[in-house]
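Just the one chain here, the form predicted on its own, laid out as structure tokens.
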């Protein structure tokens, strides 16, 4: 399994030393309680799946966020959860149009391509897959998204329109029409036929990524076909 971002001392040091430049917030959207999408003008090219480091000012250590906009979109957008006890996200949630924000240039190796693949995400881990989808990489993809409630499937209208029955929403906390009732890992465990030739992209918490990785290995998916991005 190729972990592209793991939060260890080396990565913390790397993030804190990244050069940041000032950008201006164009707007911020509340998608549901505690979940926001932040938009600012795109001033650099990026590859779908890459991340940026963001802070509200140079005194607050930046954190990494996957880009969730397409590579041709006018604005660069990120998705984030509000952590009430966090140093950064309460400040991000208070931003308004015209406020400054400090960001790095895009980087990272969790990159999509045009080949058939599985995109597997939990919660806000769907962000890089939206970027890939909006950048023309949807053909031949199966999308599995896990969430606790029916309102936690961010961008679901876009994904439903693009992928149809190849977009599976696994809801662990509620019953609702069109949703699989149960955890994403439960749905994965029930699958008998998984292609050994396709790449499986995993994005979410460390717990989710490790569980899905183990399920895939159990089902004889080659380790070099599993690519992961761990949110922290």
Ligand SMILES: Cc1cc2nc3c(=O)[nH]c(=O)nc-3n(C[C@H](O)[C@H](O)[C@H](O)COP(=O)(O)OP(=O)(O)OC[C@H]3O[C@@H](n4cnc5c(N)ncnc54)[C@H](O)[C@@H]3O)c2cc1C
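Residue numbers count along the first chain shown, from 1. The model shown is predicted, which means the values in this text are computed figures rather than measured ones.
Here the subject shifts to the form predicted in complex with this ligand, a form of this protein not shown in this document.
Report task. Could you check which residue among 171, 188, 51, 38 gets a heavy atom within 4.5 Å of this ligand in the predicted complex? Result -> Contact check passes for 51.
Query raised in the report: this ligand isn't shown here, but in the predicted complex which of 81, 161, 94, 72 has a heavy atom within 4.5 Å of it?
Result: Selected residue: 81.
Query raised in the report: So which stretch, 98-106, 82-90, 112-120, 135-143, is the one near this ligand in the predicted complex (non-hydrogen atoms, 4.5 Å)?
Result: Answer to the contact question: 82-90.
Query raised in the report: Are any of the heavy atoms in residue 227 no more than 4.5 Å from a heavy atom of this ligand in the predicted complex?
Result: Residue 227 lies outside the contact set for this ligand.
Requested in this report: Classify residue 152 as contacting or not contacting this ligand in the predicted complex by the rule of any non-hydrogen atom within 4.5 angstroms, answering yes or no.
Outcome: No, residue 152 sits far enough from this ligand in the predicted complex that none of its heavy atoms falls within 4.5 Å.
Query raised in the report: Heavy atom to heavy atom, is residue 28 within 4.5 Å of this ligand in the predicted complex?
Result: Answer no; every heavy atom of residue 28 is more than 4.5 Å from this ligand in the predicted complex.
Query raised in the report: Are any of the heavy atoms in residue 65 no more than 4.5 Å from a heavy atom of this ligand in the predicted complex?
Result: Yes, residue 65 sits close enough to this ligand in the predicted complex that at least one of its heavy atoms falls within 4.5 Å.
**Report entry** this ligand in the predicted complex - contacting residues of 116-152, heavy atom within 4.5 Å
**Finding:** The stretch touches the partner through 124, 127.
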